[in-house]
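Form predicted on its own, single chain, as structure tokens, below.
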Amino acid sequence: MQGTTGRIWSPARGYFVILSLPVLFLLVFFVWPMAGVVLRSFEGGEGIFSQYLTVFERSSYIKVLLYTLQVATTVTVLCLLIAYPVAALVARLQGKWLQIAFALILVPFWTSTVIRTYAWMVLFQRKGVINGMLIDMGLIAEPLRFMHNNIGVHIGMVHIMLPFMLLPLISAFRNIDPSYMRAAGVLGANPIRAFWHVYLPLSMPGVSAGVALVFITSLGFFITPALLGGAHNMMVAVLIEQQVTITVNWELASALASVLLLVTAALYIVYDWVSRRAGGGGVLD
């Protein structure tokens, strides 16, 4: 198309104009602040790597990092075990039942994570709803301790991250042709073998996307571990917040954030490579 000035408007030029705004937004509000955090991690101390040496020399920091990886892994596995059968059932629904199921899955996105975490605090406290119900039923004599330990952190994070696992799985399941399972049955495969050799491999793109989304998001979780966890159940994001607000050590906080970023990127690359070798496709495929 040629305008009044005689210049030709090409599709490539149009794509460049359309993409320039989001790219500029990411550069200003994502890349630039991240680069500032990484650069600040090399300041202070007796050398440019002194903050990183502090992180890896203190066993308490290593313990927090390992605990963060453990919680993210456990939450991801629990979300997958819960979401897989639910997503398979939802994918088979049609009409209004499918709309109702999607509405129930999307309802949590309408409520803030802070509000949902405080709701769990109301349920989990010593005189809360759960303990009160168990005592009234005669199942326990003393209130159970759900908060400031692994139980509260895991339940709260699974509740918040479950929709992020459900949606990719439902999308993958709805793309599986039901005739494949019928064909496997005609060829003599029992339901377990048909699931293992047909249904599960076809669902791996959804599994791969859901696992990556939940695991990476869980690594940087702050609100739920801070409110439901305790001093002995601290994740990296909570430790970073303490370094900023309590000790006012921005350099060490930046180093911790940079280490978490590098660990997340490394695990993502390894997971994507394993997913491709396993035949499930890459995370972004």
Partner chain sequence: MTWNTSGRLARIFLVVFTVAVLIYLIMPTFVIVPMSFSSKSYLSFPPPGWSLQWYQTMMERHDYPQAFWNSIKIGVPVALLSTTLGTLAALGVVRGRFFGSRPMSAVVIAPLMLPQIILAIGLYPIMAKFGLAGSYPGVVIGHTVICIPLVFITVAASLKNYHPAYEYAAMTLGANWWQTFWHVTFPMIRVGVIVGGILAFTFSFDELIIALFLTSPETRTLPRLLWEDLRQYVTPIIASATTLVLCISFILFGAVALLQRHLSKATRS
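Here the structure is a predicted model, which is why all the values come from computation and not from measurement. Numbering follows the first chain given and starts at 1.
Missing here is the form predicted in complex with the partner chain; even so, the following discussion is about that form.
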| item | value |
| --- | --- |
| Answer range among 68-76, 172-180, 201-209, 150-158 for contact with the partner chain, defined in the predicted complex as heavy atoms within 4.5 Å | 150-158 |
| S254: touches the partner chain in the predicted complex, heavy atom cutoff 4.5 angstroms | yes |
| Partner proximity in the predicted complex: V64 to the partner chain, non-hydrogen atom cutoff 4.5 Å | no |
| Touches the partner chain in the predicted complex: F215 (any heavy atom, 4.5 Å) | no |
| Heavy atom of Y118 within 4.5 Å of the partner chain in the predicted complex | yes |
| Residues from 21-37 in contact with the partner chain (non-hydrogen atom within 4.5 Å) in the predicted complex | L21, P22, V23, F25, L26, F29, F30, V31, W32, P33, M34, V37 |
